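Only one chain is given next, in structure tokens, and it is the form predicted on its own.
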């Protein structure tokens, strides 16, 4: 890992533009380096924040973007729980990303086959790479410290061979999902957590200031050769005592 940066903003409104700059700057760097930008997305509050900020950019060009999902719920794309479905309505339908650049699950398959199928899609999208290396993964963290669909005390935390795994007993509904595993997450060139709100403050302190052996899945995200950002707001950072960055409005990451 090239270093962990904990960047605190006064509010989500201040955090949003900084996140957008991170995405667009890494996209520009990736396209210059290897002709495309590979991005892994998560759901939750990130969808509306990212969509709003990206759509406000006057000359956004996503024609060379390839987008996957850090986890996905095994529901139809029309279901409000579908991460792809929400992104499609709020973002994808309004930008020039090609359909071939959006890597979706096949929600008609049983969960184990769905995970195997998504593994195949990722490997096809990253030819020649045993472990697909995304340019940027955007992650969230639940109040229990979970990230992707990797939950505390779940056997999937110890998965080392699969890059995408099925889960049929998610403690958070819906129970059936597919998720990236730690080997895939930690291979990324850059990982950014976005965590806002006071409900995250206690667990965020444990994740960021706890010991080396942490029960929280989010603490296991340590990119092997990549950057790690924590982009958080003041309420989420309320319990932190470690040194953080406070760049203010207009931050460029």
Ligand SMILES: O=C1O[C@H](COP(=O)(O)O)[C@@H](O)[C@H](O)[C@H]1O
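Residue numbers count along the first chain shown, from 1. Everything numeric here is computed off the predicted structure, so don't read it as measured data.
The protein also exists as the form predicted in complex with this ligand; that form is not presented, and the subsequent description refers to it.
The single contact residue among 105, 148, 137, 164, judged by any heavy atom lying within 4.5 Å of this ligand in the predicted bound form, is 148. Contact with this ligand, judged by heavy atoms within 4.5 Å in the predicted bound form, is confined among 140-148, 107-115, 127-135, 94-102 to 140-148.
By the criterion of a heavy atom within 4.5 Å, residue 51 is excluded from the residues contacting this ligand in the predicted bound form. Heavy atoms of residue 42 reach within 4.5 Å of this ligand in the predicted bound form, making it an interface residue.
Within this chain, residue 200 lines the site of this ligand in the predicted bound form, having a heavy atom no more than 4.5 Å away. This ligand is not shown here, and in the predicted bound form it never comes within 4.5 Å of any heavy atom of residue 120. Although the partner is absent from the chain shown here, none of 26, 29 and 189 has a heavy atom within 4.5 Å of this ligand in the predicted bound form. Residues of 168-188 that come within 4.5 Å of this ligand in the predicted bound form, judged by any heavy atom, are 172, 177 in sequence order.
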